[in-house]
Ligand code: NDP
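Below you'll find only one chain, the form predicted alone, shown as structure tokens.
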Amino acid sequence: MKGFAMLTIGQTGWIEKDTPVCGPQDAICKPIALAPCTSDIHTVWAGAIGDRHNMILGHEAVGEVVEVGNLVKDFKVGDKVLVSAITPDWNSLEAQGGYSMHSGGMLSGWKFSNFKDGVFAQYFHVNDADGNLALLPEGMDLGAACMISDMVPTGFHGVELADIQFGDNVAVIGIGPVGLMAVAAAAIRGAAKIYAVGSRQNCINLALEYGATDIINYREGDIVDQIMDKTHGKGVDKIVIAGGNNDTFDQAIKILKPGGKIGNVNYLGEGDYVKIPRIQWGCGMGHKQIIGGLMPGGRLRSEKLANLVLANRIHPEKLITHTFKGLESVEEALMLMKDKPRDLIKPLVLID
């Protein structure tokens, strides 16, 4: 089969590989829709998870089942399925302990384009199919369905990690696709003020549509000064970090109230340390919590998020700004994510 791969750090290309083998609890799928992710860019060009050789990229997909193992109960050949970007081993001790995304070790629930070939291929393998696939609801927009693989659950997990409650004043730092879904999730959770930090106009427009009350444009001044001014020096109750870099924690701590929480879902692809300001952290005693987490995967989460789409509570299809057709277009779509033109939020590749 053909796939688009990371050849080594900084290099990508098309390669031929054997079609993956289906285990007794697994499934083999062919892609119906694919989406490149900023994580793919960090993986290839920043070497964020270390060198990988001839590893097929991609972890965001909608698929069609072409083979199932003899122990799979709930899926059959021909089923169209939502595929979670994170595919835990659900019988692991980590999953039993409530951290399925780390099954087998830290971040090991993230298998596609990390420990095994990803979805940018003619066929891809899904472990523990009954636990990691979900049926594609009839008539669901493929863009929305593809966003359920990663962008929606990651943004929502940031809100979970920050423990946003009704009436909280919230900052969402970074309003790319993940941050935009965090804005939508914060609104659903009942946040009062939602300060969305970003500068691209199409992202700003969508953030406001999703529920942001205020836009903080970092190109117009320091975000700490802007948010502290808007909150009359009080800061915010909760923060979701969905963009920025290792220094973003410095700004976040400064705008967070004592007793507040930061939920980080930003993939830190470079550097060795993050910066936390000692004084504003209360000399280590300010009850300002930082919780960073890889989003949970799995069937139940995909089904619940699909329910929100079907109920018109969220509209992740609006993240799609560029649409391509054919597997061969994956390369162009990925390079679009690398170059990040101002009109981009998220590209989608529909497979013929």
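The first residue of the shown sequence is 1; numbering continues from there. Here the structure is a predicted model, which is why all the values come from computation and not from measurement.
One more form of this protein exists, namely the form predicted in complex with the ligand; it is left out here, but the text below deals with it.
Chemist: Taking any heavy atom pair closer than or equal to 4.5 Å as contact, tell me whether T38 reaches the ligand in the predicted complex.
Modeler: Answer yes; at least one heavy atom of T38 falls within 4.5 Å of the ligand in the predicted complex.
Chemist: Although the ligand is absent from this view, report whether Q280 comes within 4.5 Å of it in the predicted complex, heavy atoms only.
Modeler: It does not: once the ligand is placed as it appears in the predicted complex, Q280 has no heavy atom within 4.5 Å of it.
Chemist: Does the ligand get within 4.5 angstroms of any non-hydrogen atom of G131 in the predicted complex?
Modeler: Residue-level check for G131: no, no contact with the ligand.
Chemist: Does any heavy atom of R342 come within 4.5 Å of a heavy atom of the ligand in the predicted complex?
Modeler: Yes, R342 sits close enough to the ligand in the predicted complex that at least one of its heavy atoms falls within 4.5 Å.
Chemist: In terms of non-hydrogen atoms within 4.5 angstroms, which of the given stretches 231-239, 185-193, 144-152, 118-126 touches the ligand in the predicted complex?
Modeler: Stretch with heavy atoms near the partner: 144-152.
Chemist: Under a 4.5 angstroms heavy atom criterion, identify the one residue in K30, H322, H42, H315 near the ligand in the predicted complex.
Modeler: Partner contact (heavy atom, 4.5 Å) among the options: H42.
Chemist: Heavy atom within 4.5 Å of the ligand in the predicted complex: which of V159, A252, V170, V178?
Modeler: None of the others qualify; the residue that does is V178.
Chemist: Do any residues of 177-207 have a non-hydrogen atom within 4.5 angstroms of the ligand in the predicted complex? If so, which ones, in sequence order?
Modeler: Residues within 4.5 Å: P177, V178, G179, V197, G198, S199, R200.
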